[in-house]
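Subsequent text provides structure tokens for two forms of one protein chain, presented individually as structure 1 and structure 2.
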Structure 1
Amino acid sequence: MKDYIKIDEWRIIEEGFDPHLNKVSESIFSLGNGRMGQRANFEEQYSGPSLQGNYVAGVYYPDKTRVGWWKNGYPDYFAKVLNAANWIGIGVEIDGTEIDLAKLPVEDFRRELNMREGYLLRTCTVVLEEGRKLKIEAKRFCSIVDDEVGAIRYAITPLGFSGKATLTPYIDFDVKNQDANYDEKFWEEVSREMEDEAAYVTARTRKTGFDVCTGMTFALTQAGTPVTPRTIPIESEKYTAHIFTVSILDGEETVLTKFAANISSENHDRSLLQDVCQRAVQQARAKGFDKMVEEQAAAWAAKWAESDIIIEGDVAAQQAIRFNIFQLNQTYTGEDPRLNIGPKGFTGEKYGGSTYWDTEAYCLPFYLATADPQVGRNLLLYRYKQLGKAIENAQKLGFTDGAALYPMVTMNGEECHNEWEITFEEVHRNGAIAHAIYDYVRYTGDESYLADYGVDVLVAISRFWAQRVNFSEEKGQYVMLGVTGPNEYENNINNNWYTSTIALWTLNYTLEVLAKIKAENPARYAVLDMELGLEEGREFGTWRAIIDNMFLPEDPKRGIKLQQEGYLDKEQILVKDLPASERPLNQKWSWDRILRSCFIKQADVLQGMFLLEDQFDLDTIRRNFEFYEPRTVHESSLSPCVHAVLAARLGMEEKAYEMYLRTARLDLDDYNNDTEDGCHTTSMAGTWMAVVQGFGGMRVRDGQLHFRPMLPAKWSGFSFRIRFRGAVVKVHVGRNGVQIEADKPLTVFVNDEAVAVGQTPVTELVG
């Protein structure tokens, strides 16, 4: 755990330069706009520890997989979001001395991520020698107004001397992925072109053949006056640079402004990429940096109006929740159904930058509540479009007749992960994908999605479940053998309660949806019947038999569901009795010891009660919570939020707040000592849930909004805004109770009592 970020409501601030923290800060201060993003690397040369990272959404490389021992069925590649061209680079040399913060003394270093307006600002003073210093001020952003464009204002001011500055704005496409399995480079040059004050490099990914043109133009001013320097072009493969030298005067600011664009063949005709890029950077330049900054601030203001949460009386909490919302909005905007939410967003390369079940289980509720319904729909369509691949994926594992197994990790629908106990066995992901359809429809009321798209996915997943179980003669019941549940600290177990439960839920929901379509839209049903080859008698009969006679392990004595068959054979120890020196378990214990222990990585039975809360009475949830939470080490960033929501539901305020704290500042305080690899983007949505569903107690039941607010003792109040079925609803929870506003008449429920809202206009949240 670290504690170096300054507390501020709207800004993330680092003061003083500590090279040991640089990679952590590079992650935290990352920028993104859903289409492209980058780590908070320095513009000028930096020879200290750094992970240079620039990313373009949807552009990936199928890196040859690496395994210890091959198992039949493994995918042979692992798709990676590619480190793309470095377009921020500006070499700086002052009178022959290269500016490098790893080599020269640094004073007054300050890095600020302005979340309200969406930019990164860095200032520092570099000591060249006694009495000769150089002040640097660098401000940059990825535009959310034009999401292919970014801009930098890089200002230097000599203090105590005048001299010569050699500046080298460059584009470097000769990059590699830190996580490349065989140290290969993934980009090949297609073309490069240099103009007097601009350059364009187009490169193509090997194998996948994505083209990206990265271009830039720059402008120079000195003391506010435009200057046209004489530049020397430097070119090499996948690299362009303009070098020029100018005189700099003591106290006078020299400003290099760099306008850049990433244009991808995913979005434009391959033959026009450079033209499009040229136009993009020229338009940006014509608009000017200040105007762009202004537009960026306005656009972010609109985003904040939709999605902000205000916490009163706790600035650290305020900063943290905004940081999470900011990163979520930087990562995914929902405009493109081909894109999804990588586990690190644009802040790092770990986990390949692909799609996990995190999207459906943790992120969807945030986007449903804070954005246009089309955004949630696009997340669903992403999986709908990949249904064919999910069916192929299941076929590889021996499933037939249109059964689908969605991949654990994917970029384009194909499985990328290669650990048998996860790839082949952590099949509960299929359940989350089915449940997301229900969640979306429940939240938006968009029933048409079911007949048009959802039902295909539901049927294919139900077919998977029906084939994945088998009838045990021994038990006289259906069983599901050899699975890994959400708790990955158990592998290849039998009858995981969560997986079996979500499977039954899927079968049930699919039958319901089919019955509804048949009743309401017989024509569509007839088409489905033919297309999907539904066999009501045989197939639905099997599904019903499974629903009626599935083995779900439980312990009647304790009145709890059993995480898996045999869980109680384990030595029962509580986390509080584990010596601190043995934690985190995944760094201290060998894998078999973890597997044999009763310790739980993340919510498993409780994940089921979280998703399917309505199926369980409060006493059941409480008994299970009280049994499982003390055995849970929360070594997944996705665990505490679920517990926070449930604890709040159970009125356990202290536990709810403790769980909330575990994720709220996870990255800001580098709680798990791994933020240098990138931020835990998907778990940020969990923090949002902990506030809105946990402390706000927000639920949707029978098409209506429910709240059951709980105000943590450390806060004096909090408020959030959500969209719900065409209305905007604002909730404020304070010491004096709850105020709910809506922009149209709506009945909501507060602690199960109906309240009519929407009589007065919705006020803005004021942070």
Structure 2
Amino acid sequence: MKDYIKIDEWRIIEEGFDPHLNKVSESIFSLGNGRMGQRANFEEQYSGPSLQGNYVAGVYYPDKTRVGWWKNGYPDYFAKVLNAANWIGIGVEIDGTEIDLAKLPVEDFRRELNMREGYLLRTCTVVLEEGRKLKIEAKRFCSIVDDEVGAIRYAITPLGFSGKATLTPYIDFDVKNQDANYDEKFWEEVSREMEDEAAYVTARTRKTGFDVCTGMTFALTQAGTPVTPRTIPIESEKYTAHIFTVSILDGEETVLTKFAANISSENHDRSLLQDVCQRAVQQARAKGFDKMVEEQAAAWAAKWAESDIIIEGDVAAQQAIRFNIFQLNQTYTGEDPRLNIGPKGFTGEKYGGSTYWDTEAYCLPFYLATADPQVGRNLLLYRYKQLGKAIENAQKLGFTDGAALYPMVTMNGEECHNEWEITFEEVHRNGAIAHAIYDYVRYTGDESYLADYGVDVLVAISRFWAQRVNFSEEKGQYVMLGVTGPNEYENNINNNWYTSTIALWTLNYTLEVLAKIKAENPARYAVLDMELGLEEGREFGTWRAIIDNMFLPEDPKRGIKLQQEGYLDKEQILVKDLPASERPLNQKWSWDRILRSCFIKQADVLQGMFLLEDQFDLDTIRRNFEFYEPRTVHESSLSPCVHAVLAARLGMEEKAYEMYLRTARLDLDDYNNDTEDGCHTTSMAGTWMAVVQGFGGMRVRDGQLHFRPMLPAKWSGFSFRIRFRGAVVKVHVGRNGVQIEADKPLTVFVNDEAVAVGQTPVTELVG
């Protein structure tokens, strides 16, 4: 755990420069706008540890899967989120000395991510020879108003001397990924062009053929007065720049303002990319940096009005929740149904792919409650449109008759994850996708989605589950063999309770949906019957037989569900008895040792009880929580939030608060020693759930909102705002009770008591 980020309600602040923490900070201070993103790399040269990262949404490369022994069914490639052009770069030399923060002494270093207004500000003083100093102030943002544009205000001020500054704003497409096989590069130049105070490079990805034109223009002022420097164009393969030298005076500020754009063939005709890029950067320049900053602040104010959570009396908790919400809003806007939410968002390369099951299990609730309903619908449509590929994925593994296995990792619907124990065995992802359909309909009331789209997905997933189980003559029940649950610290196990339970739930829900459509919309059912080849006798009968006769491992003595068959054969040691020096396990222990231990990356059983809470009484949840939580190391970023929600439901305030901080400050404090690879973007939605579903106790039952609030002892109050079926509901939990306000008449339930809330500004107070 690292503790160097200063506590502030609206800002993430780093004071003092430690090169050993730089890659962590590059992740934490990342910027994005849903269409593009940029790690917090320095504009000037930096030769120290760094992960250069600029990402363009939807652009990827199918890198060859690397495995020791190839097995039938392996995906042909591992999709990499590509590092694209360095658009922020500005070379700086002062009297012939290159400014490199890895080589020159740095004083008064400060980095600030302003979450309220959506920009990154960095200031520092670089010590040159003979005691001369150069003050640097760099402010930048990725515009959420003009979402293909970024802007930088880069200012230098000599302190105690006058001299010459050589500045080189550039575009560099000669980049590579940190995780590239054999340091392979993925971009090939298509064209480049230089103009007065502007430059462009268009490059194409190998294999996939995505074209991106990245361009820039710039302006210079000195002492507030515009200056037109005499520039020299520089060109080389995949690189364009302008270089110029100006006199700088002691105490006088020289400002280079740089406007850049990333224009992708995903969104524009490839033959027009440079024209579009030219217009984008020139329009940004005409608008001006200050105007763009104003627009950025206004756009972020609107986002915060929809999604902010206010925590009173605990600044660390307040900073953490806003950081998580900020990153979620930077990553996904819902405006393009072709896009999804990668596990690192725009903050790093690790894991590749544009979506995991994280989207459905963790992210969907956030967007359902804080954005227009179409945003959540787009997340589901993303999967619906890839149903054909999911069926192909299942066929590659030997499944038939329209069975679908959605990929663990994907860009276009094809599986592109290259670890066998996950690609072949972590099939529970199908259940999360099915549950997301239920969650969306339950929350929005959009029943039409089921008949038009959702049922096709549910049937295909159910057909997979029906083929994935087999009947055990030994047990006289159906079993599911050779799987990996969410707890990836156990592989190739039999009868994982969570996987089997979510499979049974899916089969049952699919049958319910089909029966409902048949009763209420027989014409649509007739079409489905023809298109999907439904067999109510044989097929539905098989599904019901599995539902009624599935083996689910339990320990009746302890009254718990078992992670998997044989879990209690493991030596039972508690996490509290592990030396701190041996954690995180995935960085200190061999994989063999991890697999043989009882330690849990994230608790499968508790995941099931979190998603399917209404199927279990509180005593059952409590027994399982009290057994599994002490054995869980929470080395999955998706783990603590589930524990926080369940602990709150069980009235375990201290544990709920502990787990909230663990998930909310996972990246800010680098709990798992891996933030340098990028932030855990999808788990950030779990932080929102920890507050709203955990401490707020928000649930939807029978089409109505329920709240069961809990106020942590360290908080004097908290409030959040959610959308629900056309209403905007504001909830404040304080020491004197719960205030609920809505902009239309609505009945909600607080601690199972019905409460009528009226139109704004009417507020009801309940104890």
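For residue numbers, the reference is structure 1: its sequence is counted from 1. Just so it is clear, the structure is predicted and the values come from calculations on it, not from any experiment. C-alpha atoms forming the largest set that superposes within 1.5 Å between two forms make up the rigid core.
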### Task
Please state whether structure 1 or structure 2 is the form predicted together with a further copy of the same chain.
1
### Message
On a rigid core superposition, would G96 pass a 2 Å threshold for CA movement between structures 1 and 2?
### Response
no
### Message
Does D614 shift between structures 1 and 2 by 2 angstroms or more at the C-alpha, the core having been superposed?
### Response
no
### Task
Examine A302 after superposing the rigid core and state whether its CA is displaced by 2 Å or more between structures 1 and 2.
no
### Query
In Å, how large is the CA movement of L568 between structures 1 and 2 relative to the superposed rigid core?
2.4
